[in-house]
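The chain that follows stands alone, in the form predicted on its own, written as structure tokens.
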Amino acid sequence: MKLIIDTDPGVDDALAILYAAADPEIELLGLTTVFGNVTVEQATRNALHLVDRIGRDVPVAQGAGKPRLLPPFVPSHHVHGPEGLGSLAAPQPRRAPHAESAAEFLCRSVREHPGEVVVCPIGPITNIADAMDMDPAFAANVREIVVMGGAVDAPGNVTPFAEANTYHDPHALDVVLASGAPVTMVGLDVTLKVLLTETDFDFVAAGNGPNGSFLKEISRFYLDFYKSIGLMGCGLHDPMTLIAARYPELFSSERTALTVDTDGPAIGKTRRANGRPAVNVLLDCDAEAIKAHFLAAVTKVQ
């Protein structure tokens, strides 16, 4: 599977990227970065560091630093840490960002491999909407867009209505949902059904050498946040998006049109709708199998 991860690393983004590196069936074409958990500059720096860690020549293209129409947001440092990797200091990557912007990189990659590239936006979906503006054929050429975001039946996690990624750029999500592109939404209806605990990170650290120790270290801050909201583990948000792209049989879904509130008190809320293209919305999953698969995969990363 040819894959581009659109990312705002972020602790769970790091988990997702190292998961992708562990799968021999994934050809990681590149990472594109976006604001969200951190600033876009921090996201790019962290993504470059993660590419250093996996030891591959994977391009990192910097993208949007703010939403399309809303004012800029303060990064989620209380969730992911001041530099996005828990309590760790800012990393010093050994490589530079790609010369193309995220939207340019996305458009070129999909154009060069029509019908083959899966794009996984695991932050605000601004770069994907920008790519659709840049190339009207993008929606037809992409194989699938598997989105971490939304909450259809579940409550939100930044407001009672909205999941964080959809809240941070609902106007971009509206563009994508209306585009007719093949979209699968992996939202809070499923991602909080799998929690990683301190014991799970101990297991990863024991089985994965330096990268396992790194994941355990960055998880401490993240787990403390989840404890502060009454959960004894962190949701498998971003990694589950990649797992859904690879193993859709582990999920149950509904085919429906969606809309997103772009203003008002429920801004960012994703809702079933009529009159626009249907997308695939994941509503349940085999949580035990997904967790076992994820832990087995990431302990193989060298």
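Model, not experiment: these values are computed from the prediction. The numbering used is simple: start at 1 and walk along the sequence shown.
A second form of this protein, the form predicted together with a small molecule, is not displayed here; the remarks below concern that form.
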Proximity to the small molecule in the predicted complex, single hit among I218, C107, A164, L196 (heavy atom within 4.5 Å): A164
Quick check on this chain: which one of L85, M185, I122, V142 has a heavy atom within 4.5 Å of the small molecule in the predicted complex? I122
Can you say which of 199-207, 110-118, 164-172, 126-134 gets within 4.5 Å of the small molecule in the predicted complex, counting heavy atoms only? 164-172
Is it the case that T159, even though its partner is missing from this view, gets within 4.5 Å of the small molecule in the predicted complex, heavy atoms only? no
At the 4.5 Å heavy atom threshold, is V190 in contact with the small molecule in the predicted complex? no
A102, heavy atom within 4.5 angstroms of the small molecule in the predicted complex: no
Does the 4.5 Å heavy atom contact test between M148 and the small molecule in the predicted complex come out positive? yes
